[in-house]
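Shown here is one chain on its own, the form predicted on its own, set out as structure tokens.
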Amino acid sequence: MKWEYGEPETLHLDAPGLFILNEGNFQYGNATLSFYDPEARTVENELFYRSNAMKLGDVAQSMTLHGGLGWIVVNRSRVIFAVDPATLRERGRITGFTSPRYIHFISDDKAYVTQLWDNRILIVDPQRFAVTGQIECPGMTMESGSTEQMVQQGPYVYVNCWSYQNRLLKIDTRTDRVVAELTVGIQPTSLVLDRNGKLWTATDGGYPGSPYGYEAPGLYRIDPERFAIELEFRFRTGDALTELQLDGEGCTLYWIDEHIWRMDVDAEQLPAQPWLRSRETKYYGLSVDPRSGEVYVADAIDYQQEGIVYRYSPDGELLDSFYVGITPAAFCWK
């Protein structure tokens, strides 16, 4: 991957808003970063390239804000960039990964990084931009290893294991060790923590012919203290639950299953109808504004052209839409 080329541009993103990570195409190195200002209804694209005069890399996976910096995880390029969230100028980078997915900060000087195709969660020092250790994940090989999203309650971090896996892990951040495992359905895709202190995970059930198995997907409510399933909803075989999200108050779940669905975290049964029906396109990413409750849906279209992000009111009214980069997938609120 050639990183450096071109002339940098001076940017100033002072307003609050939404970062959109556009994955690009696998092995094409055309991932990009966009920013949307909800109040002004303006969008800026290709921000990382414009500010740093170099490409973001191959498959942008996720972004997190911490310590006054934006941390951008680029999966196939095996790098995490630390950038100024106003200028998007690089302030540092962490390398040495197999295939990074998400970063979660334990403190200002310790963070966990989950990985695909690796049986380790790496420990990094954000101050030194360096890998400092690892957490061995039981029951995984380097080829089948997969850890994804992380949420924390007290001293424990919970992780869903997605690709060819069916477990959640519980990690004690004081010892950096896995202390418990919980079996759920095949391939848990997402993980959130609601206002009641309950974990929720959605599984996609795998795919036909998968060597790991294929089943109906599920939605699970989990008591993190007992680390046990409290409630399980099963869907139809062939459904694919992805992008499980919560509103800012932690009381309403949203997810993609062809359409956009939502449900109160205290509900005892699944909704009968989707909250937002598909526009005969490919919903690929989802986020809820933690302040306004507005819903943003990313449309990958055909994964080749620029994607679209739709902005909806909490009542489902279309408020705005705008073009971003190829395959918009992940969001980060500023």
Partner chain sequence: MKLRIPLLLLLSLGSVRAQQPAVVLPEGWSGERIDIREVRIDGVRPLKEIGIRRTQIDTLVLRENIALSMADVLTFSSPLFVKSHGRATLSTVSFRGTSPSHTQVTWNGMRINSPMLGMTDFSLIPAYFIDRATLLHGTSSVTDTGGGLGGAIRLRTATNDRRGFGVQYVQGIGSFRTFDEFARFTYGDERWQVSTRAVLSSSPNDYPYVNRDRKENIYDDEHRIVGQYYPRERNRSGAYRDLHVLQEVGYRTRGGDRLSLSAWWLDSDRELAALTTEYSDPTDFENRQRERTLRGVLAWEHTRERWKVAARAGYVHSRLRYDYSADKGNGTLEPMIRSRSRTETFYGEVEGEYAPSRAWLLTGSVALHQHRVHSADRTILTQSGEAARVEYDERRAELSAALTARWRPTDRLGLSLVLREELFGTERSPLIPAFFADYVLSKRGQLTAKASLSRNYRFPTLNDLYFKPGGNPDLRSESGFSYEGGLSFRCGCDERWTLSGSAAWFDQHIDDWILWLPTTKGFFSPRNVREVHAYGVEVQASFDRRLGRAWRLGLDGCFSWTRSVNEGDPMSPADRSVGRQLPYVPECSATLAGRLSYGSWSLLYKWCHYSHRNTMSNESRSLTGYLPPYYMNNLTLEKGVSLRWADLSLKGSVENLFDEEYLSVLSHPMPGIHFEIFLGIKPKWGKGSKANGE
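Source: prediction; values computed, not measured. Numbering follows the first chain given and starts at 1.
Beyond what is shown, the protein has a form predicted in complex with its partner chain; the following relates to that form.
Taking the partner from elsewhere, every residue among 28, 119 and 214 has a non-hydrogen atom within 4.5 angstroms of its partner chain in the predicted bound form.
Proximity to its partner chain in the predicted bound form, defined as a heavy atom within 4.5 Å, singles out one entry of 247, 194, 204, 148, which is 204. 186 is the sole member of 253, 260, 186, 199 with a non-hydrogen atom within 4.5 Å of its partner chain in the predicted bound form. Its partner chain is not drawn, but in the predicted bound form it has no heavy atom within 4.5 Å of residue 107. Remark: residue 19 does not count among the residues lining its partner chain in the predicted bound form, judged by a heavy atom distance of 4.5 Å or less. Residue contact with its partner chain in the predicted bound form: residue 223 places no heavy atom within 4.5 Å of it. Contact between residue 208 and its partner chain in the predicted bound form is found at the 4.5 Å heavy atom cutoff. Just one listed stretch, out of 153-161, 225-233, 139-147, 170-178, contacts its partner chain in the predicted bound form at the 4.5 Å heavy atom level, and that stretch is 139-147.
Contacts between 73-98 and its partner chain, taken as any heavy atom within 4.5 Å in the predicted bound form, involve 76, 77, 78, 79, 81, 90, 91, 92, 93, 95, 97, 98.
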